[in-house]
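We've got the same protein chain twice here, in two forms, each standing alone as structure tokens: structure 1 and structure 2.
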Structure 1
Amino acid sequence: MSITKRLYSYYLLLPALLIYVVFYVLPTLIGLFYSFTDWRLDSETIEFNGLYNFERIFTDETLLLAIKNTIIFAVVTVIGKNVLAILLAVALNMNLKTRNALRAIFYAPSIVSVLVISLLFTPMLRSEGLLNGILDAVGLDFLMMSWLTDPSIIMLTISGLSIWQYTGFQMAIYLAGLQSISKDYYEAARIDGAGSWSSFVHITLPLLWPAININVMLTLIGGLKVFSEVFVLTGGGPGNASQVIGTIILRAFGEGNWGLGTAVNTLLFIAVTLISIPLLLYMRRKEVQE
């Protein structure tokens, strides 16, 4: 064994480790340090100011709103993308004539840049835009809204667009999961008299658990890191109604408040870690039980 260890020398590991440490881990560690300082673009000296940055985050209305908006986006997109993606995957796992074409169509938007999708929808989501025009034409005029300018629904608009773009990506992972479930289970269930709903709840969902696990993690972590959608669609507006953690960091960076921006980042780091690791462990355990 010790011979094999010597044979598998660590030097092959070093290039990847070096790049990863210098450009990912080191900035994160330095960030923890700078979070407790008054680091600014325009001042020569950097001094510790204890928990001042964090106090400021939790007393500043805009920063609090940004945290709330980030959570709204994460929760709405996790639920929206996963529920829709499971339904789509189950439907597209049936024996349909247009199955392959439909799979490709639903997947397509997730291949292109968030920026492309956001710019494409900008004119359509205006008050006098295409979406309201369609709603009016089909008699759903009570649903017509100022999608991009009404502060009370702006986060839902942004979440909705992200769901539109990425549900197909999540669907592809669920399809891969569904294809690994043996058909024997369903046949046995049918002989026992189980209906399709009952098969779905008692066979599909439990055996799909590994895919649900990975998809919930991916959408949750991605949701907490949201930036590009908001940056392109609203820039954080109207007013500050759609600020999220990602846009707050950009703003702090632009204003030269680097200590504060780094503290916001540290907070995001802690939040993502505290939420995702227990969730990961919980879902892993459930996976083993099924």
Structure 2
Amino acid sequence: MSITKRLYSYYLLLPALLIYVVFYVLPTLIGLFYSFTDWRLDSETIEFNGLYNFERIFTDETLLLAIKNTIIFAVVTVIGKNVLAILLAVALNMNLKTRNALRAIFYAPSIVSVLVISLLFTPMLRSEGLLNGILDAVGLDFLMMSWLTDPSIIMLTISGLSIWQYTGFQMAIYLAGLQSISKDYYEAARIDGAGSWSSFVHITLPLLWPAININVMLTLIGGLKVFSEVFVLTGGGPGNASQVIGTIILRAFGEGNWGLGTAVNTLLFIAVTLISIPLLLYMRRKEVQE
């Protein structure tokens, strides 16, 4: 008994705990402190300025637009990725001869760099690009738009590209969830006269909640922290139309306004925490055990 205690001592956690504290907890606390200061590149002293940085965030039109764009991106991508991924997973869980090839095709974009995807799609999404050319050729010219320069649709364009790239990743998680559901439930439902839709609603969805929980949390946190897609596709433009919190943080640090940058970063951390934890607790209560 005493040997077991020595082998699995809690002291074994100390190296990992030390690394976690030094490289995550400590920088987070230091960043929290600097978010309440006027820390700037051109300032020789750092003064405590209370809530000034946070007041500026909620009074500056560009910063408010960035918060609005971040929320739009998060909501659209959470819904788009998860709804499409569930439909794909259900379809590719059937006995199709090509299902393995189709799974690989749909999953492939998620392992390609966002930078590469964005660089490939940029010329395709221009006004004279491939997408508008295809729409014109098939008689859908009324759908032709300035996908990357129209401020009214720019966030939907970026969201659509993210949905296209990562739906396959979410699909893989849903497929794993579907394959863990016992076929006995469907056999019993069929004997009772249940149809496909009834089986999907009353068997598949309830037993798929753990996978839904994981995917919603992943897509939500990823959506709130969006940066790469916006930075590569538009750089926050046209004007400031596609600025998000991530690009605002980069711009603040680039301008030497480090106090404001850490304040925006702190706000993002608080928002992710306050949204994710209650949602996670709510969704875990909805999970059904087989």
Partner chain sequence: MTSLRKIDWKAGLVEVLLILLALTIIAPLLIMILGSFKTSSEVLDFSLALPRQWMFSNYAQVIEQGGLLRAFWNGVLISGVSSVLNIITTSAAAFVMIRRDTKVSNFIYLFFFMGLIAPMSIITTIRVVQWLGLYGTITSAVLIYTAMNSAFSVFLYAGFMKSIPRALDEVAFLEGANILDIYLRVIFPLIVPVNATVAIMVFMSVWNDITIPIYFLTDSSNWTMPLSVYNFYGKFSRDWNLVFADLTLTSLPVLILFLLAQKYIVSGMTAGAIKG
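Here, a residue number simply tells you its place in the sequence of structure 1, counted from 1. Predicted model only: the values in this text are computed from it and were never measured. Think of the rigid core as the biggest set of C-alphas that the two forms share within 1.5 Å after superposition.
The form predicted on its own is structure 2, not structure 1. When the rigid core is held fixed, the Cα atom of Leu274 travels less than 2 angstroms between the two structures. With the core fitted, the CA of Leu14 sits 3.0 Å away from its counterpart between the two structures.
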